[in-house]
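Presented below, as structure tokens, is a lone chain in the form predicted on its own.
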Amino acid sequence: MTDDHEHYEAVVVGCGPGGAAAAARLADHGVETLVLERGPEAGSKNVSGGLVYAEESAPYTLDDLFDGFREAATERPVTDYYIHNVAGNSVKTYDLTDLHEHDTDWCDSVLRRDMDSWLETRVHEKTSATGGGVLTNVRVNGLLRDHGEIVGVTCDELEPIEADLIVAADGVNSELARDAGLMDWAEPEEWFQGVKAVVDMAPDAIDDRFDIGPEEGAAHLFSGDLFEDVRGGGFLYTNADSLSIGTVFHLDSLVEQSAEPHELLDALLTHPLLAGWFKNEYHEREYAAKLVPDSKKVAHRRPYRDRLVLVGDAAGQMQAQGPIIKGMNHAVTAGALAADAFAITRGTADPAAAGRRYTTLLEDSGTMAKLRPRRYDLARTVGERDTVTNAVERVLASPIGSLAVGNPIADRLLQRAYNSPFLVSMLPDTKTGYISLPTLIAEEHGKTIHWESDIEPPTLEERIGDLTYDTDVGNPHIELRDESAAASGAAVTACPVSARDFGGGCYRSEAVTTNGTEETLVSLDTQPCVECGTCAIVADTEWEHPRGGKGVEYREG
């Protein structure tokens, strides 16, 4: 450490749930804490499904840290939870209330712009009292080092800042995690891509159409053949006066099938099951997308280096195991535990003392066991082998499969299996669980929907046009290093604001003839970018965030 730079005891990068929890808890400990937020307001760069859980077993929840949180910052408490197995127009629904309520104190739907901006205000109040505060429109672009040791952060808009603790809560595309060599973007199978539409619906219409009260909410999940052969599923959550409807798919499957995310979302939006809720009324407020880490594979077991600790998506702390989808609650726990770890080791000469204690607290609290369930590691060694998957698929496609799944006893057992946290945590990431079995369940037990959908979602061009951008002219934040189709062609379909034969997105391909030889080349325009990070994995790019306050700004999130 030197006297050349401004110094704070703690610097928190990002003011989402994880960063807010870390900053609030640091302030509770009397730690001088500066929070740096890339967006013009917290939540303007964030997207979530989204449900925020408070688990009974968790050491911290948002309402523990922020009085009045649920009343001021959430949409609806989720009281009803279902999964719909789909085969064409046949649907078999299972009630997942038992699974939903397992270890759950409460669960609310949220919109990130409203929630995170409320948290930012509370965090600024808390941190200002200890000599810090929140600064927005600041992009932290890397780590400050002294003789190789991490001692602070560097920014686009500010001079370098030194700190005794750096909390990287800068999301799934964390530049700090990559700078430290703790996370990378090498393997598509380690990530999901989520795409979402926020759709207008009046509160009384929500109550009536979903058969809930004004202080109740519903969550619906979707799996089966409506997404063809792409591994993943859909969701619908009721908000106060809107619906959050989206899809989440394994990124490697999205690439393998050359599927276009906006078309998969539209397949859900136009399914007859949803027509019964829309009643031919559809107004889309916002289209958004993000990457989601698969914690089973990437949650970092030692998320620290020197004075740096990772929390939330930056550390891969997103639990997605079948119908269990939890991320924000784990970010909150991690952020608060990181703060506690620093308070315990405060004043220690060892720069990694807080990181080691934080790792221990994650283990002792049971958080890592949820993110990295040992049962999954054991099950995947067999269940995700191609030979095993192919054998199971052959059985399901045979008369034996229909007989095994189609009888009444199997129906009751499947209901119980879907509600078993033990079995869900073992679910292999294969076509069987996402597509083949749900489709067969719907074929054997489902009811046929006899109406069609008249909904026409906006085009991709219209969706991009409705988003808010502050373009950083002359400073593109992504560089395409290899324009060949072999290296970067997957981005043309996998990017959520690109598509084949669409010239208005980020990525497009065209045939070019040089000296009589034709080849397909890929080009990039970063202006429509929604900063999801997909192309950093599926294309050969140099990817970073736009400068503070620049790029896309989400109104809903």
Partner chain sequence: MTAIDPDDHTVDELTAALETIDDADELQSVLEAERAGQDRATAREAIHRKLEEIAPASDAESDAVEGDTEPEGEDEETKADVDDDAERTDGDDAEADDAETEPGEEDGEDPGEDDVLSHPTRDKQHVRALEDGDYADMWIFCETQGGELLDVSREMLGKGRDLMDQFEADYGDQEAVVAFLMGDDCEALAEECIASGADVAVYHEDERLERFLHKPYTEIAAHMARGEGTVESTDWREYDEPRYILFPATNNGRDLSAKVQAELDSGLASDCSDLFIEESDVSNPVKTGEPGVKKTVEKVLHMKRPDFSGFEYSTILCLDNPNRDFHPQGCSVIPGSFDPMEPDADRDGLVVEHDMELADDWFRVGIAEHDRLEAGIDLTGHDVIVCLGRGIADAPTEGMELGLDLVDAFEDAALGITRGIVTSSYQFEGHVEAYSKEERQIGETGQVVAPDVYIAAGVSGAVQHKVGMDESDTIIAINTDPDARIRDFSDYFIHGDLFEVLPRLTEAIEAGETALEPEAVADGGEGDD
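Just so you know, these numbers come straight off a predicted model, no measurement behind them. Residue numbers count along the first chain shown, from 1.
The same protein has a further form, the form predicted together with its partner chain, not shown here; the description that follows concerns it.
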Check your understanding: Only one of 243 to 251, 465 to 473, 327 to 335, 189 to 197 gets a heavy atom within 4.5 Å of its partner chain in the model of the complex; which is it?
Key -> 465 to 473
Review point. Has each of E32, G131 and L524 got a heavy atom lying within 4.5 angstroms of its partner chain in the model of the complex?
Key: yes
Practice item. Mark E461 yes when one of its heavy atoms lies within 4.5 Å of a heavy atom of its partner chain in the model of the complex, and no otherwise. Key: yes
Review point. Is there a heavy atom of S57 lying 4.5 Å or less from a heavy atom of its partner chain in the model of the complex?
Key: no
Practice item. Tell me, yes or no, whether E510 is in contact with its partner chain in the model of the complex, where a contact means a heavy atom of each within 4.5 Å. Key: yes
Review point. Applying a 4.5 Å heavy atom distance criterion, does E483 contact its partner chain in the model of the complex?
Key: yes
